[in-house]
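In structure tokens, one chain follows: the form predicted on its own.
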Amino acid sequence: MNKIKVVQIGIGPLGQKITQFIAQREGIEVVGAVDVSPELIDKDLGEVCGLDSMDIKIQSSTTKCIESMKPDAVILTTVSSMEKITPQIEKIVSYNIPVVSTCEELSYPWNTSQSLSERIDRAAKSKQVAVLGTGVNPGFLMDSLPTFLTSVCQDVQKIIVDRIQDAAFRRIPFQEKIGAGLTLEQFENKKKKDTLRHVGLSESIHLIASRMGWKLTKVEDILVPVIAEREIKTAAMRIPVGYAAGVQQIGKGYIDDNEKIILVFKASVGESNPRDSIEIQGTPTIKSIIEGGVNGDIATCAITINALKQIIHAQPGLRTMTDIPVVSFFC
């Protein structure tokens, strides 16, 4: 197999880690990089990512980079919002280039952002390429993996997923995103501004429901702080007793008064029992537990890279992780 040539757009902490991972892999090659940050433009991609020089200058123009490098695919790690990422994707696919993105809202946007989903879908189909939103969560642990586990079920009554993480081992931006170290007042203020929540829980609920054929009548998304019961110290912060150590978010999907989907996302610094668990209530009932949980930063980078082979050959249009052949490691 020829090497997959990739342009990376977005060289923040996640994009940098993806570059590091690709440098360790056979069969994939970064040929170009784009970012809008003045601090990164014209710098060597390898040096920015803590590697040896790659002789690739980070550019500010997506157009110039794609036109000059002619990649097989683009990895897009810029924003979480469908509204912001839609024009970015439209520009990329206009060059007949497929896209794998870590945008959380892109993982299953058909219910939450229907008009934008249709725009992306039309643009991709007109150029005969596919667009995919993926990641560890949303994209895998709390949506596509539970649906795969139902493959052996004669019937399914309810799906419950818990993702409990110790955020002490995650990137600093992630710790800040979940409100670690804030006073409860600061936490509530950020919650009201909608800048604190884990993005993608509603999308995961809708993806599961679509695969099960369930027409939900109500979806809830409840967010509360995880309060530190002891002083917590990390290399990056000190969290006093009574401050927020993180966030707990519970998403529920109902049919009438019946809970059909329950997703519990809890991420806090110093969490004592991290795990990923999935329970399928049906025939048969299945419970799967990953002790310690899956490291989100490693998994998001890996699944984004591993999805490249599938997305290059996928049916044109806006796709989800359940639309394409099962993603696996490859070298």
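Each residue number is its position in the shown sequence, starting from 1. Because the structure is predicted, anything quoted here is derived from the model rather than measured.
This protein has a second form, the form predicted in complex with another copy of the chain, left out of what is shown; the following refers to that one.
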{"property": "Listed residue (83, 155, 185, 256) with a non-hydrogen atom within 4.5 angstroms of another copy of the chain in the model of the complex", "result": "155"}
{"property": "Position in contact with another copy of the chain when the complex is considered in the model of the complex, options 289, 41, 51, 69, heavy atoms within 4.5 Å", "result": "289"}
{"property": "Stretch from 117-125, 70-78, 212-220, 166-174 whose residues place a heavy atom within 4.5 Å of another copy of the chain in the model of the complex", "result": "212-220"}
{"property": "Any non-hydrogen atom of residue 243 within 4.5 angstroms of another copy of the chain in the model of the complex", "result": "no"}
{"property": "4.5 Å heavy atom contact, residue 63 and another copy of the chain in the model of the complex", "result": "no"}
{"property": "Partner contact for residue 59 in the model of the complex: another copy of the chain, 4.5 angstroms, heavy atom", "result": "no"}
{"property": "Contact test in the model of the complex: residue 283 vs another copy of the chain, heavy atoms, 4.5 Å", "result": "yes"}
{"property": "Full three-residue contact with another copy of the chain in the model of the complex, heavy atom 4.5 Å, for 89, 107 and 311", "result": "no"}
{"property": "Another copy of the chain in the model of the complex - contacting residues of 308-331, heavy atom within 4.5 Å", "result": "310, 313, 315, 321, 322, 323, 324, 325, 326, 327, 328, 329, 330, 331"}
